[in-house]
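This document starts with one chain, in the form predicted on its own, laid out as structure tokens.
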């Protein structure tokens, strides 16, 4: 499907026990879109991202990546499960995720952390994978730290390694789950600069964030989640400067 959105989400639901966390969220991302997802703690933002690549399994709803549907079925208990774990692995590599807590392997060097995916998921030859890994580290300004271990890096450097690890998979879509919230304030800028450069390259990105300046200046679209539902969405200038709902108005006032 040549004209299919890079990512399409239809009517996604997710509950944990009796707690309904995502309540019928639908979202489309065209190629090159940067969608900032805002919302208070507990609004379902991170759960939504995790449902897209099946780190959490949605209760219902459809996810399409470049027109390919994530194939799901009901098991004997009536729970939704993947039809083919190989498809899940393939789609995860095409929809790379950058986590709040970096999630680097502490016993492995920076280079080996970045090499893991291409070698063991995509079966890329080691020499080619190494060349790609160094190229991605260069792009995030850390090629000189390739032989370091994560413990010897700042939080901002660790997050840039995590971005390089995602980039080396050559994903169609990049998912960022509050990528700066675990960082000291003075380190936030270096990570946001890398993300801004990715946006300029035309990367398709979904970014859960509290960084309003990033949402305003870099995003092509901003979505505000409230209690598991999309409360407002639209161009950043429009909804951040003139919110239409009390919920978004209150949320923005708390950040100012």
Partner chain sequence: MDLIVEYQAQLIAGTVMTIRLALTSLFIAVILGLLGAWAKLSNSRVAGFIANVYTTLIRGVPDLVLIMLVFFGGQVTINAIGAATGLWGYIDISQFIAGAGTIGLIFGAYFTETFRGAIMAIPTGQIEAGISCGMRRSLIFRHIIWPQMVRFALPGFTNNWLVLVKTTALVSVIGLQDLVYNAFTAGRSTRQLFTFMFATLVIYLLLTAVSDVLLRALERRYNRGVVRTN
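Residue numbers count along the first chain shown, from 1. Keep in mind that this is a model prediction, so the values were computed, not measured.
Absent from the display: the form predicted in complex with the partner chain. The rest refers to it.
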query	finding
Single option in 97, 142, 183, 167 placed near the partner chain in the predicted bound form, where near means a heavy atom within 4.5 Å	97
In the predicted bound form, the one of 66, 212, 40, 55 near the partner chain [non-hydrogen atom within 4.5 angstroms]	55
4.5 Å heavy atom contact, residue 89 and the partner chain in the predicted bound form	yes
4.5 angstroms heavy atom contact with the partner chain in the predicted bound form for residue 50	yes
4.5 Å heavy atom contact, residue 108 and the partner chain in the predicted bound form	yes
The partner chain contact at residue 80 in the predicted bound form, heavy atom, 4.5 Å	no
Candidate site 116, 121 and 151: all three near the partner chain in the predicted bound form by heavy atom within 4.5 Å	yes
